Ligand code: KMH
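One chain comes next, on its own, written as structure tokens: the form predicted alone.
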């Protein structure tokens, strides 16, 4: 029976407590949401840091506080900090969480037009720099791809020796400037990956659930959580990240799929040994 790795992106950098009061800002709120998600069945916590006022930050010490607190509450979980941060941050700012030597971190593989004048910059040299930093520190990169060209970039850097196999991708759909959150686009992106790669699917808003289910049906893994979607149903806010995870666990069971524990996820993703 196949094992499904659930990732919970518990905060993101854009959603606010005005949108959903359960969005975490403080350390205690992050711990609460991480625990709810892990207790419900998430193996990976994808982590953006926020200050107590909700402002996004890549500050190393803020990440240290959050990671230490979440690790104490959820000792087996894989904590995956974002190196994407927020638009306008420098490469040096965005790389700060890697100084804490996490097991895994996101690695964005292309530049995006996020809307208006906002550009999420990831030049080829930046991607090479981020990949080198992760390799040096023994961090498993999650190759975050918003479009087909990002997959092509990642594979070019694999061939050039900058990124090591085994490869794990996160296909992100429905973000402005990237691939649409449609079954057609997911099928196209999935079949653009090498056959030996594993993949997670993230989709925005109302598209989260159907594409998460589609990912599981295609042999991939789902990402849920407030970063991508704050609602449980149309007009109804999710009470917690755990509520979103629990729904995926139930659906996976109906599909005769088992949920991977964090240690099983480490084996599936062929991650370096835990430090």
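Residue numbers count along the first chain shown, from 1. For clarity, every value in this text was computed on a predicted model and none was experimentally measured.
Not pictured, yet referred to below: the form predicted together with this ligand.
Asks: Taking heavy atoms and a 4.5 Å cut-off, does residue 227 contact this ligand in the predicted complex?
Replies: Close contact exists here: in the predicted complex, residue 227 approaches this ligand to within 4.5 Å, heavy atoms only.
Asks: At 4.5 Å between heavy atoms, is residue 14 in contact with this ligand in the predicted complex?
Replies: Output for residue 14 is yes: heavy atoms within 4.5 Å of this ligand.
Asks: Look up in the predicted complex whether residue 155 has a non-hydrogen atom within 4.5 angstroms of this ligand, and give yes or no.
Replies: It does not: once this ligand is placed as it appears in the predicted complex, residue 155 has no heavy atom within 4.5 Å of it.
Asks: Is the gap between residue 103 and this ligand in the predicted complex 4.5 Å or less for some heavy atom pair?
Replies: Because no heavy atom of residue 103 falls inside 4.5 Å of this ligand in the predicted complex, the answer is no.
Asks: For a quick test of understanding: in the predicted complex, does each of 48, 86 and 114 have a heavy atom within 4.5 Å of this ligand?
Replies: Yes.
Asks: Among the candidate stretches 159-167, 68-76, 187-195, 141-149, which one is within 4.5 Å of this ligand in the predicted complex when only heavy atoms are counted?
Replies: Careful reading of the contacts points to 141-149.
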